[in-house]
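Only one chain is shown below, in structure tokens, and it's the form predicted alone.
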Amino acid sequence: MPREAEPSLNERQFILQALQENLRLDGREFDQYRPLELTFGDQYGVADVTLGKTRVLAKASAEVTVPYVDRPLDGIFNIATELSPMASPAFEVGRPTETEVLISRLLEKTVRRSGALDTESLCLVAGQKVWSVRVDVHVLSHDGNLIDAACFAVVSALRHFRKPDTSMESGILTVYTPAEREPVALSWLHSPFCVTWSYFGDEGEIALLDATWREEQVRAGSCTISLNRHGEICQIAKLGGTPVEAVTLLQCTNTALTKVQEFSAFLDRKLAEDIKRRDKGGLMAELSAENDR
């Protein structure tokens, strides 16, 4: 199995020495993210997220299926991640790495188990037919902090997605095409985002936000905090590494809340821009034309 190219001893010492002097290789502050960009596709539910040189594509889809026996009133929601060799030579097709498993579990806890998507609203016929919503996450370029970028892509894709409208008459379910009826948005309850801190030093005294791939190679530990803009924590994942003081963790959580509120406002603005872009020549344009006349 291919291994990631580890930094040399000189590179490691250079990065750590720079951090001790309050410097990062790219000139950012310790609590500053790289430039975040979000692009929606022409099709509903496609979100392309770029965080620095890290790029993640998420695509949401839905189909009618049979519900689980133990949850006859709930729809089905799944997240599938794919890390291809295109993103990094360390990834192989069909052989999940530790990174891929970690991303899958964190996305599962953050988005699915936190109840962000109302699965009861996906039920069409109790015990017989429900919507199965699936989000496929494709990592196109890996330059560190995949978890935050992937989580932002998943939430963006789900909030942008529209499922076909349906109707029930005389026990017969009808699924309409977009040409027949306007697709409807998912029932979304809250927007959780991941914020990952990287710790450096023997006692983890240096904390960085949005570490690059080089910085991740030399860090002593990491902690991923998932929360929404209201400050409700969905999960905290501190998987091994150097221990972190409780006070440091509280400070990181407070900073994470500020970043999540910025993410939420950024996503709301991008969604509003996309709605305005799609509505050119639509109902709003028709109404404004009538007003002009």
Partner chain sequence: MPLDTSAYSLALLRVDGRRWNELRRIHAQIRTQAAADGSSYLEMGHTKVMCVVTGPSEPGPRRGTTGGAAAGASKAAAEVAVSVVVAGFSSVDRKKRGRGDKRNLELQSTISNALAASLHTHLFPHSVIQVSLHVLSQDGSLLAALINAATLACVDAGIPMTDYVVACTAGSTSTYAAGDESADPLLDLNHQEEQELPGLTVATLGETDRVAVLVCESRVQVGRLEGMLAVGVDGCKQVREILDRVVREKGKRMVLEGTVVKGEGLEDMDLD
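Numbering follows the first chain given and starts at 1. Remember, it's a predicted structure, so these values are computed and weren't measured experimentally.
The following text describes the form predicted together with the partner chain, which does not appear among the structures shown.
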Worksheet item: Heavy atoms within 4.5 Å of the partner chain in the predicted bound form: which stretch among 262 to 270, 233 to 241, 42 to 50, 58 to 66?
Response: 233 to 241
Worksheet item: Using a 4.5 Å cut on heavy atoms, which of Val184, Val101, Leu73, Leu173 is close to the partner chain in the predicted bound form?
Response: Val101
Worksheet item: Tell me, which of Ser114, Ser132, Ser141, Thr119 has a heavy atom within 4.5 angstroms of the partner chain in the predicted bound form?
Response: Ser114
Worksheet item: Any of the heavy atoms of Glu37 lying within 4.5 Å of the partner chain in the predicted bound form?
Response: no
Discussion item. I'd like to check something about Glu180: if you look in the predicted bound form, is any of its heavy atoms closer than or equal to 4.5 Å to a heavy atom of the partner chain?
Written reply: no
Discussion item. Taking any heavy atom pair closer than or equal to 4.5 Å as contact, tell me whether Thr54 reaches the partner chain in the predicted bound form.
Written reply: no
Discussion item. Can you tell me if Glu203 lies within 4.5 angstroms of the partner chain in the predicted bound form, counting non-hydrogen atoms only?
Written reply: yes
